[in-house]
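The data below hold one chain only, encoded as structure tokens and taken in the form predicted alone.
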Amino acid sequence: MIIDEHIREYINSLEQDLPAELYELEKRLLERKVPIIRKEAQTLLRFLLLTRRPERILEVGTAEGFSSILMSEYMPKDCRITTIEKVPMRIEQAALNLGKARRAADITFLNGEAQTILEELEGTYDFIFLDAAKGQYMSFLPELKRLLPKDGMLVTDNVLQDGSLAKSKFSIERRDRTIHMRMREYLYALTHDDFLETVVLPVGDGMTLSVKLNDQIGMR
């Protein structure tokens, strides 16, 4: 837990209800213990989409489609989403869920290794949501930067690992140390990149918002 549980519950109690079909999907996924973005992250995504009004959205990590459908509900009417998933056990159900979405025609579902697909994508996406295999975030970053236009936003989920990322590595279970090391590397890269302006937020499981400052690609 990153913030006080009572504060989190109070903030969540103030939020608007999801559209009925999306609420039912969220309920079904939670009952099956399918990982989906937390309520606070949903609220932040909705706010960003309604205020930034992107034209093209890229999502890396579809899972079973909840966040894609959520974003489709709040994106502008002329916006399109491309979403990527590689896990076979998720792909079939995601395809079913996305096919039932109110704006299914505006969602393109790509199956396969994200790294390979990212390298093949052309053009730019002015809003990118990264919520995939945490150990691969750093590997994805060069392609994500390439696909971002100037002023485009990269939103990354699950960056603080429930707050455990701030602890000493010796207090973390050995099996989790590699993921923590890679996430620390990713956060350092985002916050020390001359071509990105990044803020780290204790929202949900930790999120970053990064805006590309110009069209060049580079790191300090």
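From 1 onward, residues are counted along the sequence shown. Model, not experiment: these values are computed from the prediction.
Just so it is clear, the following notes concern the form predicted together with a small molecule, a form of the same protein that is not shown.
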Quiz prompt | Contact residue in the predicted bound form, from Q136, Q93, T82, T124 (heavy atom within 4.5 Å of the small molecule) | solution = Q136
Quiz item: Check S72, P76 and I107: does every one of them have a heavy atom within 4.5 Å of the small molecule in the predicted bound form?
Solution: no
Quiz item: Do E113 and the small molecule share at least one heavy atom pair within 4.5 Å in the predicted bound form?
Solution: yes
Quiz item: Would K86 sit within 4.5 Å of the small molecule in the predicted bound form, counting heavy atoms only?
Solution: yes
Quiz item: Hey, in the predicted bound form, does I37 get a heavy atom within 4.5 angstroms of the small molecule?
Solution: yes
Quiz prompt | Partner contact for A63 in the predicted bound form: the small molecule, 4.5 angstroms, heavy atom | solution = yes
Quiz item: Residues in which of 181 to 189, 147 to 155, 50 to 58, 28 to 36 have heavy atoms within 4.5 Å of the small molecule in the predicted bound form?
Solution: 28 to 36
